[in-house]
Each structure stands twice: as structure tokens, then as C-alpha cells.
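A single chain comes next, written as C-alpha cells; it is the form predicted alone.
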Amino acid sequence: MRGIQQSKMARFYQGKRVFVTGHTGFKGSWLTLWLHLMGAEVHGYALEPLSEPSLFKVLELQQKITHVVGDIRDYDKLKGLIKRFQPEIIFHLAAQPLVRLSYAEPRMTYETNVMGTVNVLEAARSTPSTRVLVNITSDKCYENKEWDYAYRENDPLGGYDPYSSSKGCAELVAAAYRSSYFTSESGLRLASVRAGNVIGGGDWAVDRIIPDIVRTLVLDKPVQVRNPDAVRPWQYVLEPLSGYLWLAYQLWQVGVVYDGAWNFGPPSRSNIPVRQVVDQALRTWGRGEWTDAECSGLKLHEAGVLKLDCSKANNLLHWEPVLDVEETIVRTVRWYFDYYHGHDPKGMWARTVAEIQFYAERARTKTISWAGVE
């Protein structure tokens, strides 16, 4: 556990009261595990996991933290819990995270992603113990012009579909609360963070490329791939999470200079088309084939190109990715391979902890700031 527990970031989180919304989701489960390993007192608020299996249940995280089931749209329940727990740091991840589902459920998407964010900010505003709030949105919050230009934090927000639009709205909500309530004189610092296409072991959501590949390979069927030429900023799940954790550390230690919006994406060489991701995944699994899926019926809009400029995080936080895109895909697929080929589910705890340990030690060898030992 040396790489996890001995860094200055880990020592900072030890004993901190941290409230995580959406902790039962894919990214939320990884974040919750990492916080737990660093010694934080984690309180989670979320719906029950939406997939079966789920990383949250595989790791039995409900036995490690304070786990409360609830809807982010239920303001009274959320506010009551935050008031009772008196968190020092809040990570807001609870969301409706799927583009295609947002077409079918637009009202639910906006209620969850926009009013859910309002609810968290309102609850935090009335909780004096809370000093840092990190609002997790999406790279899809930008007005995507389908060009090769990488989007910066000050580029216009937008969104073609309800999901992307709702994330742009959530960013506007956060900006309004920051300028209206969380000013430099207040005791709470607020940042919003935007990541690329995050992959890693333990994601079983629908309409995501790696889970779709794995489900199909387990059934020994050809993988159906939508939009194989779409270019995405692929990154390992621990990459943006390290940025979120390190940003919260800086917001606490330094303050207002770290407020605002931040991109945490991969380097430009990790912006590759879907077909390359599928090819590498099949090579890592050891078998399988894929076909270009012909979409029938309603053809939903999907972005062709979307890239992030992360120079702000690189220069001001001294944050950078640890893994290249090939290793990202390989480590992701190997996690699933181990899960489906003989690992006792209880053994996946050690397997997943070892993944964070590996990542932290690799970051330390690269002398990345958050992994440093003072």
C-alpha cells in the first residue's frame, strides 16, 4: 500500500469527512475505493447500482463506508444527510450519464443532471463544515463544432442532445453559484471538472464500448460496433480521478485560485477512433471479431470528434496522465478477463486495490505532483 498511503495527497485525505454522490456508479466506485484506501471517512449517497454485476457490489463497498440509497432529486433527504454528516469535502458525481438514454428520458436527464446539481450546491451552501466541492460534469458540455481543435475551459458550452445539453446547463449552474455565493470571501471553494471517454475495469453500463465488447465476448458473439470511425479522448479511469482528488487538495490548501472549470483528459495521441480501441481489446482478450453495425430505425446523433485541451491542469496543477492509450485498453480488458476467468468475486477486491497501487507507484516514478512523498 506504500504508493497509495504515503503520498502527501493520501496523508491529506486521512481522516477527512468526504461526501460522494453517485458513489455506486463506475467512476464513483473507483473514487470511493481510493478515498477509503487513503483513510478518508466516506459517506455515499446514490441510487442502487443500475447494472448487474456492478463494481460497487463486486467490491462490497457498502461494508467499507456509510452507504445511503437515495435520489439526487430528493432535496430534503440530500440536505438532511449532508447536514448530519457535516462533510468537509464533496465530490458530486450523481448523474444520468448516457447519451442515448437521454433521448428516451429527457425530462429525467435534466432533472437529475441540472436540478440534482442545484440540490447539491444548495445543501453545501447551508453546511459550514464544507470547504471544498468538486462538481463532475463531462467533456460533452462543450458546443461541439466537430473540428480537430481541442476544447479549452473557456470555450462555449452547448450540447446537441439532452445529455450533453444538461451537462452544459450544470456547468452554468455551478458558475452562477460560484459568482453569487462561493466568492473569495466565502468559506467554500467550487470547481467543475470535465473528463474524456473514461474506461476501466468494472463498468457494466449499457451503450459503452468496453462493456459492450466484454458482454459480447463472454457470449462468444461478434461485437457490433456503432460509429467505428468516431474519435474520442480515451483515458484510464484513475487518470481523471487523480485530477479530481489533487484539485480538491489544492482548493483546500491554496484556495480561490483553483476555483473554476478544469479539463482532465488524455494527451492528443490517445485521441483514436473506436475501431482501434475494439481491435486492441480483442487482441488483449485473445479472440473475437467485430462488425460495423448498421443502425436501423431512428439514427441518433453522435459526435464524430471531441478533444480536450488540458494545458491548464498540466501547467497549474502539474497533473498529467500516467498511462498511454494502449496500456489503458490492455489493463482495462485484463481486469474483465480476470473477473470472468476464475477469479472469485471476493478476490476482485485485492485485484482492484492492486490496480490503484500500480497506478500510484507508476505516477510516483514519473514524479507527477500528486504522487509525491514529502
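Please read these numbers as outputs of a predicted model, since none were measured by experiment. We number the residues from 1 along the sequence you see.
The same protein also has a form predicted together with a small molecule, omitted here; what follows describes it.
When the small molecule is considered in the predicted bound form, only one residue from 133, 120, 136, 170 comes within 4.5 Å through any heavy atom, namely 136. None of 197, 250, 102, 127 but one reaches within 4.5 angstroms of the small molecule in the predicted bound form through a heavy atom, and that residue is 197.
For the chain shown alone, residue 283 is not a contact residue for the small molecule in the predicted bound form, no non-hydrogen atom being within 4.5 angstroms. In the predicted bound form, the small molecule sits beyond 4.5 Å of every heavy atom of residue 143. Heavy atoms of residue 90 never reach within 4.5 Å of the small molecule in the predicted bound form, leaving it off the interface. With a 4.5 Å cutoff on heavy atoms, residue 271 does not count as touching the small molecule in the predicted bound form; it lies far away. Only one listed stretch (34 to 42, 318 to 326, 48 to 56, 333 to 341) carries heavy atoms within 4.5 Å of the small molecule in the predicted bound form, and that stretch is 48 to 56.
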